[in-house]
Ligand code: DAH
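The chain below stands alone, shown as structure tokens; this is the form predicted alone.
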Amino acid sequence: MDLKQADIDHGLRAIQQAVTTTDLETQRLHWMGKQGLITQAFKTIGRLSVEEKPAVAKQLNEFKSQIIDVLAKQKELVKKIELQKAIDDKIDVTLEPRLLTQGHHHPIHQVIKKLNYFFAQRGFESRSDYNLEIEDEWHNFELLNIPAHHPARSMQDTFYCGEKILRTHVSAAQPRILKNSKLPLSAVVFGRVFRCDTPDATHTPVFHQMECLRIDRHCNFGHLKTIIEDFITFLFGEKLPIRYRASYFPFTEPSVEIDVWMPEKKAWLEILGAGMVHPNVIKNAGHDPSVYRGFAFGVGIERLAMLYFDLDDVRELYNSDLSLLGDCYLWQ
């Protein structure tokens, strides 16, 4: 096809007259499509002599550049024309403008994110590969040294799904991590847990926990105490009064529960249970408890969020009150 500059000038004017996306696309296909004039013209170069090809190819490339440049400029102009038309047709400029607010992560996720950052900086690996919400009793109970007669095994505390259960604690990840890891190890797991609790100011049937596990040859209670006090100070930006209470958990020995003082409410709030990993748990996972020992603790994320954001009721985190949730900004 023999294209002249006059043909190109005519085409450029036609492109510049396009005022809709459809019109502009029609012009693009007319010139640059598979059957377009420029495309067909390039196909004829193969039939030319060796002497003619360079000059014709150079001219066609110049024509192509002119068409592409004008198409690009007209595309921006058409966008503005169509946007203005949409505004004129659909928007009532006399209406009050909407107040836009910047969103952020839910308070529970904010706490999880900050804790994950703290522990990652200290060499703890997030082990979501063994984070199973639907568990078997073997991993949720037996391997954690919880015998069949333990009260937690009753229907009143555990949701049963046939032969499976909804895990009652993130500690259920411990046996899988220990069985599939080389020691020493430092790991954290974040996730939801499920219990047959009646909702009240500090309890919900579904809530979030973080499980922290450290196994080494020379682990002791001092290491546990240090990491707990450090993460609480990191989270709240200051040292808070902490109370240790002797307790009992089948999978730790000795065991403690830890409370944090809430100055505004002048009361203690329990936030986690902790202890040295029971030798039976280490043994059940295939390791030698005479060589390795460690600590573990599980912390309630909602309890930390309540404390940090000064909430009176854990259910406030779930009631979709945007004015409250919008004010709960911890860390992105």
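Heads up: residue numbers just count along the shown sequence, starting at 1. None of these values were measured; they are calculated from a predicted model.
What comes next is about the form predicted together with 3,4-dihydroxyphenylalanine, which is not displayed.
K.L.:
Taking 4.5 angstroms as the cut-off for heavy atoms, does Arg195 touch 3,4-dihydroxyphenylalanine in the predicted complex?
P.N.:
Arg195: yes, in contact with 3,4-dihydroxyphenylalanine in the predicted complex.
K.L.:
Please run the contact check for Leu304 against 3,4-dihydroxyphenylalanine in the predicted complex: heavy atoms, 4.5 angstroms, yes or no?
P.N.:
Answer no; every heavy atom of Leu304 is more than 4.5 Å from 3,4-dihydroxyphenylalanine in the predicted complex.
K.L.:
Taking 4.5 angstroms as the cut-off for heavy atoms, does Gln74 touch 3,4-dihydroxyphenylalanine in the predicted complex?
P.N.:
The answer is no: Gln74 has no heavy atom within 4.5 Å of 3,4-dihydroxyphenylalanine.
K.L.:
Although the partner isn't part of this model, could you tell me whether Gln110 comes within 4.5 Å of 3,4-dihydroxyphenylalanine in the predicted complex, counting any heavy atom of the residue?
P.N.:
Gln110: no contact with 3,4-dihydroxyphenylalanine in the predicted complex.
K.L.:
Out of Phe231, Phe124, Phe190, Phe249, which one falls within 4.5 Å of 3,4-dihydroxyphenylalanine in the predicted complex, going by heavy atoms?
P.N.:
Only one option qualifies, and that one is Phe249.
K.L.:
Within 4.5 Å, heavy atoms only, one stretch in 203-211, 129-137, 110-118, 237-245 touches 3,4-dihydroxyphenylalanine in the predicted complex. Which?
P.N.:
Checking each option against the 4.5 Å cut-off leaves 203-211.
K.L.:
Taking heavy atoms and a 4.5 Å limit, what residues of 297-312 are near 3,4-dihydroxyphenylalanine in the predicted complex?
P.N.:
Heavy-atom contacts within 4.5 Å come from Phe297, Gly298.
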